[in-house]
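Next up is one chain by itself, shown in structure tokens, the form predicted on its own.
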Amino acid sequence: MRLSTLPLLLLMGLFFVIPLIMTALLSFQGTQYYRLVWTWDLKVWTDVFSQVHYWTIMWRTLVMALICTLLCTVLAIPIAYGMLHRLSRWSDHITLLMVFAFLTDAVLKTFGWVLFLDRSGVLNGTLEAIGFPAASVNVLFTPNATMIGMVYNLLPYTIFTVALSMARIDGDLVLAARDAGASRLRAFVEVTLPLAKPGIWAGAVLVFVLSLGVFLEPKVMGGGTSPLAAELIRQSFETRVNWPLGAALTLVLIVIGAAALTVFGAVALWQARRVAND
């Protein structure tokens, strides 16, 4: 082991491994009168695996995370391409505006969407002014509103990673494809898109991991009607004061996320090997 890696290993052990072990140990305890009791049994895990409600929320969280990842990736590719090629003169200004929006507090942005999507909000007021029926859009406090908030807050991650990957592509390769008779669309699909896959995969993984832990959007924009795993864990720790249950659900979410990332990695590796063989 190199000495230069020691600080990284210490940080990983102090802020990841040790808390993870403590969380695992906590899941084998119990509670009594809202107080932690060191019982060392499997009662919490029995409850977790026997309650369908918990797994329904976990499944909903996984599906929402996958949909959010897909939407962010699909939206980020044309936006990043447009910033680098169609709007190259203003790309720095657009990036700066995106950074300002990204650094704005998520609570403010989320409540801004609530004001925009409310039945008497900006969107419905504008539609009513141009002749549509009152409250034409009734999406607030539904899973669709939750998805809108998730995509809006996480989209910059994919845009930045995809844009960085596209910026490193040699422009002569695209010009060569155009000189060979490829249309602009075909050059994008067969040259730009394959070479941008590292950034696409990186952005997708980043958004997927972050979307597994969202709790603000389901609570504020979704109205709490369809809670996700992070909100369930928060309630277990804070509202119900059941730390062992919260710890067990945290470990379940970590395992689900790790399994999904393993599938992501396997697919990416398979594609890389297929391209290498071709």
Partner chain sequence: MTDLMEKRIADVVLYGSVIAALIFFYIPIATLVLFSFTKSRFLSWPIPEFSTRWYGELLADRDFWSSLGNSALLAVLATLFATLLGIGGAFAWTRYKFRFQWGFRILTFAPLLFPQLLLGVVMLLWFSVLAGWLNLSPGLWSAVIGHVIYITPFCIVIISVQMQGYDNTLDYAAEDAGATRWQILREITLPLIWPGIFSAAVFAFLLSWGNFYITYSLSGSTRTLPTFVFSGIAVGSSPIYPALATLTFMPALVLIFAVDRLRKRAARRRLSKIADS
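Residue numbers count along the first chain shown, from 1. Keep in mind it's a predicted model, so treat the numbers as computed, not measured.
The form predicted in complex with the partner chain is left out here; the points below concern that form.
- At a distance threshold of 4.5 angstroms between non-hydrogen atoms, Phe132 is out of contact with the partner chain in the predicted bound form.
- Of the heavy atoms in Ala106, some are within 4.5 Å of the partner chain in the predicted bound form.
- For the chain shown alone, Pro156 is a contact residue for the partner chain in the predicted bound form, at least one non-hydrogen atom being within 4.5 angstroms.
- Among residues of the shown chain, Ile79 is one whose heavy atoms approach the partner chain to within 4.5 Å in the predicted bound form.
- Proximity to the partner chain in the predicted bound form holds for none of Gly30, Val263 and Gly265, with the criterion being a heavy atom within 4.5 Å.
- This chain is displayed alone, yet in the predicted bound form one of Met64, Met58, Ala230, Val48 has a heavy atom within 4.5 Å of the partner chain; that residue is Ala230.
- Along 235-260, residues Phe237, Glu238, Trp243, Ala247, Thr250, Leu253, Ile254 each place a heavy atom within 4.5 Å of the partner chain in the predicted bound form.
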